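Single chain ahead, written as structure tokens, the form predicted on its own.
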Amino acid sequence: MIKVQTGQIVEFYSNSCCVASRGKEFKCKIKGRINLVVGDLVEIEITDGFEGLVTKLLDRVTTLYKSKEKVKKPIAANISHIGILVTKNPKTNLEFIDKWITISANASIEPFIIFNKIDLLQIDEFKEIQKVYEDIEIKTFQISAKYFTNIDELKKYLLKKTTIFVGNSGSGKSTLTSAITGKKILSKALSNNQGVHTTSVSTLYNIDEMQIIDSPGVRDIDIDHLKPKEIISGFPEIMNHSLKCVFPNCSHQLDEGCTVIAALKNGDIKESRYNNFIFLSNQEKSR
């Protein structure tokens, strides 16, 4: 008799995966053309010892997508939080932050911001940027992943959550994942030098009542599948003021009676946030 049980994909390869179920891990083939990603909850048939066959994909609570030419492709599932890494060197531009907040809003995932490498900076060097996002009720942390500064505070926040970290190359994503999980995670550049493509595999780590997903596909992704009304959901302060505009199809640029422009002028909307909203909205229109 074939034994069927549920589990979660903790590693995903091109045509197979590793599924954690009942305290064990099973190397599984995939039945048919089920489109699976790391984090998915699935049903598996145990075929031999620690081997199995994925037969069914269970409902996803959340899905993180990447897109190309407006075609969406899932890259991770059942994530509750996205940690956006920000550094001064290499510099993270504010467009990157606002784009990931927009992605999070449309995926029903909670974003938070991690200011990393504070060991290289003067005290409060991130303070001005931090205030911009705390004013719109986004949680922020200042850490040094390399020296474990404030890592315990961050780990407390991550308890009972499933988190994926995103950041530009050199932001310390692999170092942070290693600091939290205790696993040695090589960056892609280092892996390539050694001939070991460690980060080509998406992995979910179950550590101390938290889950951390490490995926090579989320360094930076496009949002060309999002419509204007979906982009504005990543800018709640702008969306709230836009509801009071005189015209329902207001562009929020030069339109007479635009309450967004009025709020921008009196400081209720930060200039960087407004500029990124217009930039991302115009990018979508140009496609």
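Residues carry their position along the shown sequence, with the first being 1. Worth saying up front: this structure is predicted, and the values here are computed from it rather than measured.
The same protein also exists as the form predicted together with a small molecule; that form is not shown, yet it is the one meant from here on.
Partner-facing stretch of 126-134, 72-80, 93-101, 167-175, counted where any non-hydrogen atom is within 4.5 angstroms of the small molecule in the predicted bound form:
Looking at the partner contacts, the answer comes out as 167-175.
K146: heavy atom within 4.5 Å of the small molecule in the predicted bound form?
Contact with the small molecule, yes.
Is D208 close to the small molecule in the predicted bound form, meaning a heavy atom pair under 4.5 Å apart or at it?
Answer no; every heavy atom of D208 is more than 4.5 Å from the small molecule in the predicted bound form.
Interface membership of D119, the small molecule in the predicted bound form, 4.5 Å heavy atom rule
Yes, D119 is a contact residue.
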